[in-house]
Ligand SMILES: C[S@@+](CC[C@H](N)C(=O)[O-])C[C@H]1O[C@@H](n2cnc3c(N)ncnc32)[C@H](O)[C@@H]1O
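The chain that follows stands alone, in the form predicted on its own, written as structure tokens.
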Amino acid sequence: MTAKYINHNFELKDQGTSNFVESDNFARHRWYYYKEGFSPNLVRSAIESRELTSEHMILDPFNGSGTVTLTAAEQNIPSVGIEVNPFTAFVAKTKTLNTNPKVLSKLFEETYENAILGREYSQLEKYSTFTELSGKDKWLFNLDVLRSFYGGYSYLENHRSNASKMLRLALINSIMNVSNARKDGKCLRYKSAWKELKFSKNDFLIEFEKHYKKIVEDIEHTIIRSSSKIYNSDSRSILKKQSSYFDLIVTSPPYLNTFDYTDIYRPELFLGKFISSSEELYKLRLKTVRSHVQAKWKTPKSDYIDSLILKDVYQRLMSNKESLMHPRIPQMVLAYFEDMKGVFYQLSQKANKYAHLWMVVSNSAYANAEIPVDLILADIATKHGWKLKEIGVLREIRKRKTKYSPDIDTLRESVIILEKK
């Protein structure tokens, strides 16, 4: 029954709104490239469809790098964002800050001088694969790059201003741009001929100045006048504690793709001192939605599944275990939808009458079959406080064929649009 709500001619289809690419053209949004993000234009469409004003309230329970909260703030609409990753929560908060350009300019000059001087970063220089001193065959950052970064970053640790936060973000952005590896799907992949690139302190300083100039230009032309509250927390537990009620929820939860996003952003988490050990990284992993198999999370209940679509998927995966890349994938699939069921219920409790929920998701593929994530989520949502309006197809994502799913080369990405019952 849910499938009849799929709109293959959705107005935002193939408009580039479900990825972050065009965000690089927008002030403040371009302060950090967040591969998993979506476009501000999708948020604007949701806001326009509800004709929201400064009297309304917007929520994003999976706020990522803050596209929803920043777009709401730009339109003078109050908003709340919840994000479990402390680095991306920092990105989201920083993008909504204002500061005096003269204050920023003075602090930049001081930070730049300290980055030239550099400083040893003993905590990371031999840790994991951070530099050549780790003794590994490959390393993320050349030593003089890391020391230059830390020269500037340690100087800013003595400052607590908005300008300091902007420059800390610029430093992290800059060092990631001269890393020997880049983000590629669920992992960091070393760049082609990375040793020959020989990224140096000078390359890092050029990046730092470039990112600083972007921030100066943006804060002079886009002053944020509406506040956004951004919480660094697990939305599965904090939603029930929210005192606000919402008129529009726009969000994109982790996709059901086995990606461990804490590992993808591991360099930034350590560089920015948001975590300091592997144990802390593991604890953070346990706070995320169970869309991966890299942690021993609580086993989901399998004796009662209240979605017939999900029940069929689960039984099919259990009978094809030999075709799965990991034996815990059937439990991961159940756990993911168990988490999302709780989220839908909590969101319905905090939604005003006639509130709308826009949720961007992608289907997945396991055992050579497409998992209709959008249909299952919509089915579950209608049992926990929501009425399905439509499932708008945003695009067909090209997927790399694997030996586990050799016949699947595209996956549907869509936005589920729901209304509070």
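Just so we're clear, the structure is a prediction, and the values are computed from it rather than from any experiment. Quick note: we count residues from 1 along the sequence shown, nothing fancier.
Just so it is clear, the following notes concern the form predicted in complex with this ligand, a form of the same protein that is not shown.
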_One residue of 127, 314, 112, 261 in contact with this ligand, assessed in the model of the complex (non-hydrogen atom, 4.5 angstroms)_ = 261
*this ligand isn't shown here, but in the model of the complex which of 310, 289, 347, 73 has a heavy atom within 4.5 Å of it?*
289
_Which is the contacting stretch out of 247-255, 175-183, 145-153, 273-281, given heavy atoms within 4.5 Å of this ligand in the model of the complex?_
247-255
*Does any heavy atom of residue 38 come within 4.5 Å of a heavy atom of this ligand in the model of the complex?*
yes
*State yes or no: in the model of the complex, is some non-hydrogen atom of residue 164 no more than 4.5 angstroms from a non-hydrogen atom of this ligand?*
no
*Flag residue 134 as yes or no: does it have a non-hydrogen atom within 4.5 angstroms of any non-hydrogen atom of this ligand in the model of the complex?*
no
*Looking at the partner-bound form in the model of the complex, is residue 168 within 4.5 Å of this ligand by any heavy atom?*
no
_Interface residues of 32-62 toward this ligand, as seen in the model of the complex [heavy atoms, 4.5 Å]_ = 34, 36, 37, 38, 60, 61, 62
